[in-house]
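The chain below stands alone and is given as structure tokens, in the form predicted on its own.
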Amino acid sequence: MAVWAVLVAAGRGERLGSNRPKAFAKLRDRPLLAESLERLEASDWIDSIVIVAPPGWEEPSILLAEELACTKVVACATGGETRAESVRAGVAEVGDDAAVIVVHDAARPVLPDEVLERVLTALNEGWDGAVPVLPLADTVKRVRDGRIVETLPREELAAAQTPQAFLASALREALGGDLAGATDCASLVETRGRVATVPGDRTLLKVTDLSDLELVASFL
């Protein structure tokens, strides 16, 4: 009944204005990837880790894991053109002993262990997957050609985060289908099974630009 984590770190990070992939942008004085990697390593919930690295950055990823003494890292896959393809590459390296696969974005480096506990506990309650979410504070409009066509009911909307946890069989089946348009794993699994939501965490901020890096650094 092993729990494997797929740490997706294949983003290009063009909005950071760096000549390095996002995972190797500097968070304080070390690569962004180091923070989430250490947190997964330290978690009692996780047994094994697969890193998904940008093409050409597989060796630096493995060297970083070795430098951090991350003994749970067992493989490093090469990322694809899309996030979904990167996840599929990572899951292909997950062992057959996996009962559960947790997918986390390295771009969300501040990973509270309590969130891991929440998503994994939901699977024990009979769900095929679980996703941490945050309620939306702003009113959301559907816009077409610059014109508002609909105001969406905010109480039915939430912002999805990672880590997302799934029964290994459910995620493998979902990744075997069409990945077009999938922005997260839940969007693939929820068409085939039951996916729960659990409370997310505001420190699970996704790094997209330099201001995000500065804010995340303030959480550490």
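For every residue, the number given is its place in the sequence shown, counted from 1. Keep in mind it's a predicted model, so treat the numbers as computed, not measured.
The next section is about a form of this same protein that is not shown, the form predicted together with a small molecule.
Only one segment in the set 93-101, 124-132, 138-146, 106-114 has residues whose heavy atoms sit within 4.5 Å of the small molecule in the model of the complex; it is 106-114. A residue is said to contact a partner when one of its heavy atoms sits within 4.5 Å of a partner heavy atom; V8 meets this definition for the small molecule in the model of the complex.
When the small molecule is considered in the model of the complex, G200 lies well away from it, no heavy atom lying within 4.5 Å. Proximity of R83 to the small molecule in the model of the complex falls within the 4.5 Å heavy atom cutoff.
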